[in-house]
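Quick heads-up: it's one chain on its own, the form predicted alone, in structure tokens.
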Amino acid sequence: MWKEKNQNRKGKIHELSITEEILRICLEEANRAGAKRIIKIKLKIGEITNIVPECVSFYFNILSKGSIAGNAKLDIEKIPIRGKCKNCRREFFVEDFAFVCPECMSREVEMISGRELTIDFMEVQ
């Protein structure tokens, strides 16, 4: 019970600090561009990052209030984990974190997506 509570708390703090950094970067870039308002922010979050998009949206709505990002739409695309077999070169989606090639059963798999945490674009006015 205690461990579960602390893990949940860590998860929330994790998303809070990440969202603060995303907002800081967006405000800095908008300021640099001379924008008066941020209309939309598109994020790409990889599945293996263990970041919960709903938490990022929740914190973004709270943290952005009173700033030029206050009414911005936050669009989050979750990027699935994809692997590429180093043996047979097949690309595939990794399910349940099983890094095993479905074609040749090799465990020599290179991760080609799923680690992303990027601000894809920002629309400003």
Partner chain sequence: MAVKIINIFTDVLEENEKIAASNREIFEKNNVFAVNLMSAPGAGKTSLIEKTIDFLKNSIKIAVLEGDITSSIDSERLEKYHIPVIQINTGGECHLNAYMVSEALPHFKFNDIDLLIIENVGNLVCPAEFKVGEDMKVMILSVPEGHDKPKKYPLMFRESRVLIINKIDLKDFCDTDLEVLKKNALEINPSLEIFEVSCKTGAGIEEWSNFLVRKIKS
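Numbering follows the first chain given and starts at 1. Please read all numbers here as calculations on a predicted model, not as lab measurements.
The same protein has a further form, the form predicted together with the partner chain, not shown here; the description that follows concerns it.
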Does the partner chain come within 4.5 Å of any heavy atom of Glu29 in the predicted complex?
yes
Answer for Leu117 alone: is it within 4.5 Å of the partner chain in the predicted complex, judged on heavy atom distances?
yes
The partner chain contact at Ala33 in the predicted complex, heavy atom, 4.5 Å
yes
Looking at the partner-bound form in the predicted complex, is Cys104 within 4.5 Å of the partner chain by any heavy atom?
no
Within 4.5 Å, heavy atoms only, which of Ile39, Cys55, Ile76, Cys88 is in contact with the partner chain in the predicted complex?
Ile39
Does anything in 94-125 come within 4.5 Å of the partner chain in the predicted complex by heavy atoms, and if so which residues, in order?
Asp96, Phe97, Ala98, Phe99, Val100, Arg107, Val109, Glu110, Met111, Arg115, Leu117, Thr118, Ile119, Asp120, Phe121, Met122, Glu123, Val124, Gln125
